[in-house]
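The chain below stands alone and is given as structure tokens, in the form predicted on its own.
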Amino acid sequence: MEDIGIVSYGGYIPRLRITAKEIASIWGKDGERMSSGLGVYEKSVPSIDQDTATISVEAARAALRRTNINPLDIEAIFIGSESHPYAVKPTGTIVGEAIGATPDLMIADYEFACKAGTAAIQNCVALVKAGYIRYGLAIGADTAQAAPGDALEYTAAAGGAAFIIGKEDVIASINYTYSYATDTPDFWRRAERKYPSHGGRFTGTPAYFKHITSCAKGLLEKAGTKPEDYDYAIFHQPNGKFPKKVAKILGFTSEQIKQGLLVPFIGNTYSGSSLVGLASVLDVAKPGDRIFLVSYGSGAGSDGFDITVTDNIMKLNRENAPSMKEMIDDKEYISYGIYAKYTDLLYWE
């Protein structure tokens, strides 16, 4: 069977941060209580000149710096996001031009809430397997929005990750993928609306937990594996508590999810959420390590992946781009006023 999977990867996290305490102070809330309740202490914030396109470009360039792949050999670019900068104009063409990809290119912008990036990976895998393309670039990135004072404001963050998919010099083989989806309206944003709406506690049991557990169980059955067969596990991380709880439900340990759990330090990067976790795992992974990943997108669905790290990971120039930890540690704190300015928070429909 052909080895198809990740050939290189890169991530990007903006360096600006705002703490949960700072946000809570504006709304007369207890910052300590909000932080502990959500399991999120601070979140990344895009600067005034950063958006999903610039984050995608940075992540893609990081992936290219780690390998010798010619950008002209990338024949598909798929970008998953809830915050594409244009309602009508693709983000993918901007990225393709910026990285020097060939114009003979398949491009599509994807939307499926926070799982659009993993859907992009699945489609790149399919195109490589079918022989239509040599390499595909799959990206999940967001500059997430939240209405002022809403519970989402404490977690909605910015960041993303990019993965070059192919069948030459694969560093992480994608052995199996499995998806599960239903019409569960837990989170939505109508056309022309600036901020999303959500179903409060409804976003938990019938939405996040049902879909991730159903997808995970389906993937384990398809792969013929058990939780203890994996070295790392990554689940969509809207806050710091949900991924820990779903891991426990499924039988995964806190040690398995520790490396990929970034949300306490950067918040929820939406379409980038599970993918920045995967990038963090690949930063430290060794040959033979097995990775279990399940994303979640409101509306609602999950994509699952069974991944095995190959010997080629040792040949990848991981040091040629910043690790996720280095980007998390490289930060500058800002006030709520600067946050409001940079995220255009004061504009109201």
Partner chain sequence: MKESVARFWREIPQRYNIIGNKCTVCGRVFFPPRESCPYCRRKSLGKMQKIQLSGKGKIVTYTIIHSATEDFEDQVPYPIAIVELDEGPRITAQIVDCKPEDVKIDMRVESTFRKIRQDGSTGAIYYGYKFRPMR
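Residue numbers count along the first chain shown, from 1. In this text the structure is predicted, and so the values were computed from the model without any measurement.
Another form exists, predicted together with the partner chain; not displayed. Remarks below refer to it.
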- prompt: Applying a 4.5 Å heavy atom distance criterion, does S36 contact the partner chain in the predicted complex?
  reply: no
message: Would you classify D51 as touching the partner chain in the predicted complex, given a 4.5 Å non-hydrogen atom cut-off?
response: yes
- prompt: Is V57 one of the residues lying within 4.5 Å of the partner chain in the predicted complex, judged by heavy atom distances?
  reply: yes
- prompt: With the partner left out of view, is Y86 within 4.5 angstroms of the partner chain in the predicted complex by any non-hydrogen atom?
  reply: yes
Three-residue site Y12, E97 and G100 fully in contact with the partner chain in the predicted complex at 4.5 Å by heavy atom: yes
Contact residue in the predicted complex, chosen from K29, R318, R290, R61 - any heavy atom within 4.5 Å of the partner chain: R61
query: Residues in which of 43-51, 282-290, 295-303, 309-317 have heavy atoms within 4.5 Å of the partner chain in the predicted complex?
result: 43-51
